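A single chain comes next, written as structure tokens; it is the form predicted alone.
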Amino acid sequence: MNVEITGAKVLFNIGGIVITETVVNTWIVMLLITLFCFIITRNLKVRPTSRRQLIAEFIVKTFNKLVKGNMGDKFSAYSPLIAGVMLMSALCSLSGLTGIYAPTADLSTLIAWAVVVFILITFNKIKYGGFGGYLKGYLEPIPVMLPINIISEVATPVSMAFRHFGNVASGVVVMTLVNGAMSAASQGLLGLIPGALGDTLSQIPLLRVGLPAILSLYFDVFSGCIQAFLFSMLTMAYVSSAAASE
């Protein structure tokens, strides 16, 4: 059984709550990230004495620098959030390499992240401009712009979600088509060999070794990591600009 167009299968149902591959695989990724953080942050010292602590400090400093460089010092508290979003996005996309369903290939995952971004944008607009200033912004530059401003407000996070989803989902579709084509070509070509040898070899998708692996480096690895970076950068840009515009 499939869920809409995403291909995420329903695994089981608990009290009317549908649990899909997306939910399970997302929790697996979160568990791995939590376990990694637990391991590298154990028994930290004032002065690093282990490679594990050096790695932990490097990761923290990298994300702190990234957030401060793009959002400013007053948003330094957002470093854990941005780190979490980037790591979740990248690992969810890369999980497809293991053969499981990549959560970022499910639109519901990206929509949920987009809702978080929308809440952050709204929160910062109200925090720095006041609730009255937030409502007034929908009427600028003239009141007749109200419908367009509302659409623009909602379209910002939604476009982020669809951009991320489109790139990851298209990679999944392309790789599925390539693997299918290579399997069919392998069966057709090797099936031309007469006798039992041809019958045996035609069942082995030998042509799936090579081209699919090369394409996977782009669609599954490079593209997935780039989309994680872009989603995080856009989150920082929209949140910081929401505060600056008020």
Partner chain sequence: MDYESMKLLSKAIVLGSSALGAGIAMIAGLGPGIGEGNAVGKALEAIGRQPEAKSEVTSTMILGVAMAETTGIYSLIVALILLFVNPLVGKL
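Positions refer to the first chain, counted from 1. Predicted model, so just to flag it, every value in this text is computed and none were measured.
Absent from the display: the form predicted together with its partner chain. The rest refers to it.
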*Considering its partner chain in the predicted bound form, find the one stretch among 135-143, 75-83, 96-104, 156-164 with heavy atoms no farther than 4.5 Å from it.*
156-164
*asked:* I'd like to know whether Thr122 contacts its partner chain in the predicted bound form, with contact meaning heavy atoms within 4.5 angstroms.
replied: no
*At the 4.5 Å heavy atom threshold, is Ser152 in contact with its partner chain in the predicted bound form?*
no
*Using 4.5 Å between non-hydrogen atoms, is Met233 touching its partner chain in the predicted bound form?*
yes
*Can you check whether Gln227 is within 4.5 Å of its partner chain in the predicted bound form, heavy atom basis?*
yes
